[in-house]
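Same chain, two forms, each on its own as structure tokens: structure 1, then structure 2.
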Structure 1
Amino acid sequence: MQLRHQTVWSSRALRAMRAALIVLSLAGCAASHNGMAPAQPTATNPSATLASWRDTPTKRAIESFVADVTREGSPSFVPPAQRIAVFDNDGTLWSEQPLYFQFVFMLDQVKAVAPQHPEWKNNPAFKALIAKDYGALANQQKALLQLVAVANSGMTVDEYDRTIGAWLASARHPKFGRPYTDLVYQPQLELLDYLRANGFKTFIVSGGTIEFMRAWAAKAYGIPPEQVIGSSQVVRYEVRNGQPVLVREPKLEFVDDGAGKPVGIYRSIGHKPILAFGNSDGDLQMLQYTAAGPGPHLALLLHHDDAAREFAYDRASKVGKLDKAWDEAVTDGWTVVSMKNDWQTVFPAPQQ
């Protein structure tokens, strides 16, 4: 997809696309651990530092918070088992423009299976998608979602995992020309490592689906599959060719976005986080939940204000809108991280 088409999409169209992403993608191995305390974290890299963070009040606030909650004898000391940190994924741990990366994948799946569906050649949504006429496509939402449903369901979860892996290995971002998994944020990789080195357990809490993130999150972030919380749907057990398999069904089970994020945290972790990091209004309730009540906490919002190195967007954006959450951050004293001013670099150096 080309960046010049980004502004064609309306807010309403993109909300529908985001809903489709959630409804039509299937979490093949979703598990709930309601009320179970996480295993006590251990330091994985005692020498971890925030090397890509500039020496600003933001960096010092993070370091001060971590020092306070990990220093025995401190009034703010938090036992390791309760040092839970949650991170949104899209726009917080990796980039999200011009469209959520998972939705780009799902649209590409429509194109990939098109030879199996000659009846699509007269479908107005399919014709608009192939022609990259995103204005027309925005007016064909229902027809497009039907195509996405067919292209992204019916297979086993293992087959879908392989499809995700193949796409991630071959697809390239339209602006940067790099694999999507290269577009994780270097300062956030360091922060995840820094927190784990100080006894935190780190989780992803995303509106995206868990099977899409689990395919690469462990390698990219050091976050194992069981610590990925996301939207999910029903899977069906059946026996195919004598083998038991799980098959993807387009039946919504749980939406881990907005007000769903605190619910997902409760169901899967059983502890309220003491640190939460987001970037948009979709993370507002997760940040509110983390910041509520007694005890130490740190709520962080990433502001995309760096058009030169990534993108600049906030209140008027069609993707990753930051409006109400920004207002609450100002009112309640949450920490707003400026990509432009607080980060020395954005992405890891390309691998040779």
Structure 2
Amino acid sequence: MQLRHQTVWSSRALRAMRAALIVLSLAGCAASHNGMAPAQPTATNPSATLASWRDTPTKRAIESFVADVTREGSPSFVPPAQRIAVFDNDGTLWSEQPLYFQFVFMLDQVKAVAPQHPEWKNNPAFKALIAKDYGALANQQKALLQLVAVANSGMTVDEYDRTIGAWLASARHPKFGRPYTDLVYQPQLELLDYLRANGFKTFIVSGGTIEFMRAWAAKAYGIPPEQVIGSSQVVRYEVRNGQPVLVREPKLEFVDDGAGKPVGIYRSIGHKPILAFGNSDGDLQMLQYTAAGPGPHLALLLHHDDAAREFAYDRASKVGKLDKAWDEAVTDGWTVVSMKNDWQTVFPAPQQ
């Protein structure tokens, strides 16, 4: 269609050039091609900026995309109602090493009730959990979610929220010695603000459970509970002591990971995002789904290549495995963000 050829992102030649720029950027030579691309207009809303993003082709690709979809009257213009941006959480908006932070929380929950569940003795997820075999655990997300569903069944959702809140307040990350909620990525906080300042609605679409994320996502990311999509457990309505409550049932309802992510997006959002940001093979289908839109779209992958400031992993790793999505990013010209080269800072400064 004529429209596709008029937009920046749909031209095959430009996509190939962008892929080449990404490779250059990943190789740490962002400055070497400054003369290649004409300066892109910056986005129209100046109230939010990507201050912690280095001035690389990656940053310019984001700014250029936002400028394109917000430029009224242009063929690439996208009305605000359709400016849906979806972000994976673990490893995309905050750290996930050495183990998804929610798993650390779950570990405590499951251990506490293990004596009442002798049937777990031969459960592979339970055995991996007790042995602290993080590699095995990372591959058993569903089985672990099922254990947790059983562990906290009978609790009301409000009681469960208090349990999460208490854990978040006291737990500290083993490497950084900071509360887990401090380990959000500063450049991503700026990107979320920047998108919202330009009329986007920002959502989390994560394999983590909705309760665990909703407990802190509004404060940390400015994303309200109704824009958090995640894995969930069956809850039941009942009137308990004259008070309506929602009670957690010992049954997993939905796993919002891999091919579950586009399904979660359809169920909870109902239209296709135009921007998706992930960091692992668990985000592959969400990125494919977003990138298959007929109009402008931007698919982004965060590459963890920064051992000095965070962790270097992802290709062929156990947590945050990034193989299929990486290959597709290279083939289809998705934007790969290098933590090492594209980000000026990683974490927010500790609060005084």
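Nothing here was measured: the structure is a model prediction, and the numbers come from that model. Counting starts at 1 and follows the sequence of structure 1. Take the two forms, superpose them, and find the largest set of C-alpha atoms that agree within 1.5 Å; that set is the rigid core.
Undergrad: 1 or 2: which is the form predicted together with a further copy of the same chain?
TA: Only structure 2 fits here, because that chain is the form predicted together with a further copy of the same chain.
Undergrad: Going from one form to the other, how many degrees does the smaller rigid part rotate between structures 1 and 2?
TA: Treating the chain as two rigid parts, the smaller one turns 43 degrees between structures 1 and 2.
Undergrad: Please give the CA displacement of residue 244 between structures 1 and 2, in Å, after core superposition.
TA: So the C-alpha of this residue moves 2.4 Å.
Undergrad: Can you give the CA shift of residue 124 between structures 1 and 2, in Å, with the two forms fit on their core?
TA: Residue shift at the C-alpha: 12.4 Å.
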